[in-house]
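Let's start with one chain on its own, the form predicted on its own, as structure tokens.
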């Protein structure tokens, strides 16, 4: 089998969400039921178009498609390698769950919501399938722009302020990224992703390489919510509707991480990063982010705000894994892209059910809620245990691999960061679970009815099930571990 193939399939995948957008726009006001059917169908069809690329991805093969431009890097082109496929598959699964959930959750301004959700989906897929840094930058910036309407969807004063703060971080970050792209092209002569380093120390020199690296970390670090670039996250996540929050935390933050992955493996490479000596500094930043954000999470009474700070901490697990520059560390970091998506996606979807059915959003008001929402809070409990890293959950696999990676990198002291993080996760998640099931009188609390609609409950339970499935059936072919091993095997 040829290692590269030309196919129109990546274009069809990126285009399919536009079918959903057109359906939502055309039928939105006149036939809302038809609009919702088209949107769910279009999202499901996108997933079905991605799946056939799996055999090539598992073998480490590549699918390409040129779109526009003729320069060595200044072109719009698509390239589906194993890493891109893995990220696109995760995007599609999470998006489908969020869309189904939205059918029961979103009651106002539906046409606008579904249109912008479709745009974001398309642009995130474009990032996943980008063949070069220029294409990635274009899709990345479009995604950043059209995330804003999702954050301000409820049009409250809090939402508007959160949206403004998001733009205040994202727009300068985009300008910084553009500077990095220009410098990379000027000194490296190409922006293409080739599965290996495309710029070289002997040709460029250490100072310039450090400048370009720092620029990329600043630009992508805003979406990856690396401290102190995280400031928009604790405001945007609580302000956005619950399904949008699940996507913000579960996958949109990972778009920034995906950019860092491309920088680490396709622009610099492991050997060059070791030569530059930047890994320890990035590990320190990741460690500080993990611990500090966890401490902030402990003090939040607003459930979604606590989850937002938790996301800031958890996303830096991926940064930690990447910059250990060891095979097991990379496995742990890349696995956590999916593991965190399902764990935190479950938690945010559960928070939406709680708010939708009870009107409560503060943790101090949730005593006894597990007696009225047992399935929802059961899923919340499973995801919480995953975040702590309890065995038989996805979170345990992440922390195990990261611990082994720290030993491989001869940096065992970062195991202490993982242990402290697990303890802090227990401190701010377990009291919620305990209060929900073992404290308070649910009747006196005023919770109106049992559980929620199937449209919302099914995605919650499905996302929660993935937390267990990915923790128990770790090495089953086709699950993230198999794909991640291919990626890691190609760079070490």
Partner chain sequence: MNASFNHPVLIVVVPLLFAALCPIIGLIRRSLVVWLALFGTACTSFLALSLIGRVTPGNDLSYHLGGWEPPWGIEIRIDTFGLLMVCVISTLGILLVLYSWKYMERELPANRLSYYYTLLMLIYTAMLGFSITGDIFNMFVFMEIFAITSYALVAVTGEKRALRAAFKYLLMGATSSVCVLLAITFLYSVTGSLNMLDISNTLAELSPDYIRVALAALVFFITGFSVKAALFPVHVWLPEAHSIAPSPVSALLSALVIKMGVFGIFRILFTVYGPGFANETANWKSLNEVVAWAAALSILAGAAFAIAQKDLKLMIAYSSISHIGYIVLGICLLSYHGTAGGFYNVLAHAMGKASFFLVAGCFLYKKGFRRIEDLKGLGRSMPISSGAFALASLSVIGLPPSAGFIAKWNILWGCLDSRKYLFAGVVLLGSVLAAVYCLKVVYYLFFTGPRMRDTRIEEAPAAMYVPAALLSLGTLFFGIFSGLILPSLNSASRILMIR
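Just so you know, these numbers come straight off a predicted model, no measurement behind them. Numbering follows the first chain given and starts at 1.
The same protein also exists as the form predicted together with the partner chain; that form is not shown, yet it is the one meant from here on.
Of 115, 90, 181, 272, the one that lies within 4.5 Å of the partner chain in the predicted complex (heavy atoms): Spelling it out, the residue with a heavy atom inside the cut-off is 181.
Contact residue in the predicted complex, from 119, 285, 106, 152 (heavy atom within 4.5 Å of the partner chain): Only one listed residue qualifies here, and that residue is 152.
Which of 414-422, 173-181, 247-255, 400-408 sits within 4.5 Å of the partner chain in the predicted complex, heavy atom basis: So the stretch in question is 173-181.
Contact flag, residue 32 vs the partner chain in the predicted complex, heavy atom cut 4.5 Å: Heavy-atom contact with the partner chain at 4.5 Å: absent for residue 32.
Any non-hydrogen atom of residue 385 within 4.5 angstroms of the partner chain in the predicted complex: It does not: once the partner chain is placed as it appears in the predicted complex, residue 385 has no heavy atom within 4.5 Å of it.
The partner chain contact in the predicted complex: residue 298, any heavy atom under 4.5 Å: No - in the predicted complex, heavy atoms of residue 298 and the partner chain never come within 4.5 Å of each other.
Residue 281 within 4.5 Å of the partner chain in the predicted complex, heavy atoms: Answer no; every heavy atom of residue 281 is more than 4.5 Å from the partner chain in the predicted complex.
Residues from 410-437 in contact with the partner chain (non-hydrogen atom within 4.5 Å) in the predicted complex: None of them.
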